[in-house]
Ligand SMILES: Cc1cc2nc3c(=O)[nH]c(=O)nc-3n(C[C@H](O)[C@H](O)[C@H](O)COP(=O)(O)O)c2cc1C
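One chain comes next, on its own, written out as structure tokens in the form predicted on its own.
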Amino acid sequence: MKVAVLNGSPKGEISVTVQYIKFIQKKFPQHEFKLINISHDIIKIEKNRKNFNAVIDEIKNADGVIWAFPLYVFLVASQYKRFIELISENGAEEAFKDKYTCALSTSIHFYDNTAHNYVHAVCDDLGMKYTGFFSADMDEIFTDNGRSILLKWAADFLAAIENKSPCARAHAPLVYNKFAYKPGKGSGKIDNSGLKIKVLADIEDENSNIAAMVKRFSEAFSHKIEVFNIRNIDIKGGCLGCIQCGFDNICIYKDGYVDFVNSNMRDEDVLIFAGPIRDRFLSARMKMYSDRGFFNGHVPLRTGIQVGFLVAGPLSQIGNLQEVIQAMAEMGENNLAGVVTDESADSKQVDALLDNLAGKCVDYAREKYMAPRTFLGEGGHKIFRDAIWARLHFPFAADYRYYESHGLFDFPQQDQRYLEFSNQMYEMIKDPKMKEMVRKMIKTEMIKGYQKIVETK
């Protein structure tokens, strides 16, 4: 059988992900695995229709398709995302229909779930027969068990093609409304004096809903806010994953991105992201902007601020994107003030929602309100913390310095208060009588400290 492998690594064949594919290829020599460097060659694919068509021809002639990619900031790389957009822009969906497919990723498991949810949904939208995914830790291949389960997964995929196994769709088709937002005039009554409020917008069409939403949001304030269109920022390309920025946060690109960020995105009190949904996410351009922020490593660009989103499109139908939005705020050590979409198809309702978000942003910014992090922020922090402490210490030396200086190596081994208490109690309950006594008391004793706070504060 012939399998087309859509390589999502911007590094082409010099990537960890491709080594996993080559290992599979070595163990299944009876099948042909055609590696297509999508992210590495995205500019050629986008600029020259012949190059795009050549990729599509490979897919048409394949018995199965593997989406193989490294994780880039909650998702796939922006270059890979752009290819997915090109499929619909060029009307090439039919080439993917009914093809058996699966996804393989390599990462440190930081939001690999949202990346795979995205790819799965894209496959469903293309009418493909999705058989599953393999989310490998980057170093999985070094272990006997890692290699064994990788080959088992690959064998199952090949068997599914050969046996024409049934596959069920997991993601319902998106339903878009054709609503044209007609905003009323903003009151300009929300006092934002002394606050720096900035909007980072993805506006291709000045007559679009998202352009109107950004304008109407701006009109809610008493003082002018700053709006930046990412289409006007000098960004030559997506993150290459070269890690040359890891030592000192110096990006290999010679364009205007880093200067823009350092000059404009380091002092805001409120930051609003605004853009339309493209397939199952925001646009590849917005993803490119986000990915290029990796020059700063695993360190937030700006912390302790209010973050909001203005979204044109069916966000309520894409739980995965909702999760990413919440995670972006929490991993940035910021507060998600709110999200406004145009889904209500009611201009007055959208106006009211925009005014409400504007008011919350100002109120929260003045009060320096930060909601407690959920699992999305806590879990993500622990993954980064542990990786930077050990295996990523060398390539990301700048991250290590930041984590060390900001007390982010907050391992539980350092929590002496709880450790001492737990050790004392553990020794105590070795006595059967004490164990039974503690068992009877634990429910009431557990809340005494909390009750004292309620009574005295």
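A quick note: this is a predicted structure, and the numbers were derived from the prediction, not measured. All residue numbers refer to positions in the sequence shown, first residue = 1.
One more form of this protein exists, namely the form predicted in complex with the ligand; it is left out here, but the text below deals with it.
When the ligand is considered in the predicted complex, only one residue from L376, L200, M138, A95 comes within 4.5 Å through any heavy atom, namely M138. Interface residue among N249, S107, T131, Q317, judged by heavy atoms within 4.5 Å of the ligand in the predicted complex: S107. The closest non-hydrogen atom of F273 lies beyond 4.5 Å of the ligand in the predicted complex.
Taking the partner from the other structure, the ligand in the predicted complex has no heavy atom within 4.5 Å of any heavy atom of A371. Within 4.5 Å of some heavy atom of the ligand in the predicted complex lies at least one heavy atom of F294. Taking the partner from the other structure, the ligand in the predicted complex has no heavy atom within 4.5 Å of any heavy atom of Q25.
Stretch 239-247 is the contacting one of 308-316, 239-247, 354-362, 252-260, since its residues have non-hydrogen atoms within 4.5 Å of the ligand in the predicted complex. Although the ligand is not shown here, in the predicted complex the stretch 421-443 places no heavy atom of any residue within 4.5 Å of it.
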